[in-house]
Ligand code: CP
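For reference, the chain that follows is the form predicted alone, supplied as structure tokens.
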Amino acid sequence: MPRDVVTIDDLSEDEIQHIFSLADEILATQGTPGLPHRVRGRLALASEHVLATLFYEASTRTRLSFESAMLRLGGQYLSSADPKTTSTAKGETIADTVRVVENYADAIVMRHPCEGAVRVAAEYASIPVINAGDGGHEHPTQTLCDLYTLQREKGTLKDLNVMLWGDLKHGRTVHSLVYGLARFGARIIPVAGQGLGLPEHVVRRLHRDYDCTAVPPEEMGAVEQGEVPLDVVYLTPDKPHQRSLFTDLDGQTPTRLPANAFSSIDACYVTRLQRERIVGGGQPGDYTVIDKQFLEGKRYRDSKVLHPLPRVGELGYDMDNDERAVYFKQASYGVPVRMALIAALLELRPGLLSKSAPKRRHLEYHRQTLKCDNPLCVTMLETEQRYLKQKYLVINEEDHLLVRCVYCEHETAPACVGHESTRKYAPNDSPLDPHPDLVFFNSPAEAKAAGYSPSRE
């Protein structure tokens, strides 16, 4: 089976570092004199391969950097950048599209406005599929570029203080990035625009899947400096499987970070307001501009300023010649990083990736008793409903169970939990271990309609 990259979790930490090492090697041998972050020339690694880029949403950097990466590897590409000129406009499904395109290319890069669309493509294609952004869900290759930029600029990812600024609710680059930062042990400092904080399901997942705990700075003895107060910081423990960095094994004694732990910000990751993803057309309040005046504070003296681009007013042009600004270098790194990723997936450099993706942490649920309630999920598309079956991962919370859509990764708590063996159901309000015998319903009425009776009468 081919390896796909639909989310950042499709790559292990070791695999990510192998990709970064190959990107370093590419820059060492193909870097432009005086501009070592810029690749020039062509290799012959991919001379027998073709990449297909399917973009159902606008793109400049991602599409061109992928196509440049394939050319720099010595390969060729086929591009479809306007959905109005494709069979999608005629009602063709994602599954049919990729099963046709796989006959023309050796790998597919796909961007789509619906969350989970690239997961569908990966399920039906027999060649590697790479997510170039699916709605507000994830953008894993941008995260690779972001992490690579931080590592190149700072020498490490562990214990970096990374401030995330702007639209953290709708920005898919941020959603991928926080998972990557947590896995490599960086400190995540969200500073969101009004009403634009990290979604609750992202916060829950940081805690549950990555042991990344949200803690107010005052609980860590952090000294506040600068104009921006730190309302919360997300930290990952050093020890695997330890639920919190802030308690000893007996669960009693708090562990405090040094008082100056947040006196400096290593990186400021700026994001634009994602107007195209704001449902209902409502607009938030003030959206602070990050410029030299804002970054005058002592804590930003050595900060690196990143931005996934494009910018539309939230990042001052007076930063462009500031030595702290690395966003154009960050965009340039997209070529060697994506070259390395393509080389890994096509096994042009064998051994960079394992034969199979990291195992999922949760039980998979296939019964068709639920529908994803995310209106932006790919399963909501009428064309895809012809063949897609709902699938979920079952997640154990302290006092109830959650289900996470396999496609868009939106989480919800079903109202009722039944047991297929007993044909009984109960409210989803007590601790339960995920088990294949469990059946979920959105309401008691649905459970009764399916032939289940209440267990509490």
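Heads up: residue numbers just count along the shown sequence, starting at 1. The model shown is predicted, which means the values in this text are computed figures rather than measured ones.
This next part talks about the form predicted in complex with this ligand, which is not shown.
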Among 137-145, 175-183, 294-302, 158-166, which stretch has residues whose heavy atoms lie within 4.5 Å of this ligand in the model of the complex?
-> 137-145
Given that the partner is absent here, does S59 sit within 4.5 Å of this ligand in the model of the complex, heavy atoms only?
-> yes
Does any heavy atom of P308 come within 4.5 Å of a heavy atom of this ligand in the model of the complex?
-> yes
Taking 4.5 angstroms as the cut-off for heavy atoms, does R187 touch this ligand in the model of the complex?
-> no
Is the gap between R72 and this ligand in the model of the complex 4.5 Å or less for some heavy atom pair?
-> no
Going by heavy atoms, what in 108-126 lies within 4.5 angstroms of this ligand in the model of the complex?
-> R111
